[in-house]
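One chain comes next, on its own, written out as structure tokens in the form predicted alone.
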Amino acid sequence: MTTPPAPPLRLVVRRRGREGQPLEFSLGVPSDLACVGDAVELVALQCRAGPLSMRRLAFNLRTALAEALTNAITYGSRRDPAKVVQVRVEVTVQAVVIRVQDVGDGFDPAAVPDPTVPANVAKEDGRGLFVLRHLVDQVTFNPKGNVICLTLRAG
């Protein structure tokens, strides 16, 4: 029996503001790692007129979003293509705020081991969160641990 193909990405632009007002949009991403690249490019395309420099848009936003989506799909939705990871983005003149929500049970980010501690260097756990914290200006989680919020400030 073959697995049915993942549903297509679905972009919804909620409000397109005038200059100085926020642009808000959401994207439903099937829990299939094959969809990550297309989702990242779609978000980056929508954010290109925002406050981020081309370098931060090309590298920081794309890398951070790819990592957050990969974690949500792998750990939150367990790679079940019938499940959808929700991405919500707000672009203002000051920042780009990205929220990635999966349908999983969540986790405690404080319990993730620090990969820079010598005892943890060989472990794979914690590297993604470490990278995220260094790519964006702010990383927060909801209390359940199934929503990550990434803030990239202008520049």
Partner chain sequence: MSFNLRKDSKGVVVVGVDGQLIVGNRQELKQKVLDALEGGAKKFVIDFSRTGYIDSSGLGVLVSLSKKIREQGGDLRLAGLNEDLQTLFELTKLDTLFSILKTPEEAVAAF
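It should be emphasised that the depicted structure is a prediction, and the values quoted were computed from it without experimental measurement. Positions refer to the first chain, counted from 1.
The same protein also has a form predicted together with its partner chain, omitted here; what follows describes it.
Residues E90, R99 and A154 are none of them found to lie within 4.5 Å of its partner chain in the model of the complex, as judged by heavy atom distances. Its partner chain is not shown here, and in the model of the complex it never comes within 4.5 Å of any heavy atom of A111. The closest non-hydrogen atom of D105 lies beyond 4.5 Å of its partner chain in the model of the complex. When its partner chain is considered in the model of the complex, V40 lines it closely, a heavy atom lying within 4.5 Å.
Contact annotation for Q94: none of its heavy atoms lies within 4.5 Å of its partner chain in the model of the complex. In the model of the complex, its partner chain lies beyond 4.5 angstroms of every heavy atom of every residue of 71-88. One change in the model of the complex concerns D125 and G37, whose Cα atoms lie at least 3 Å closer than in this form.
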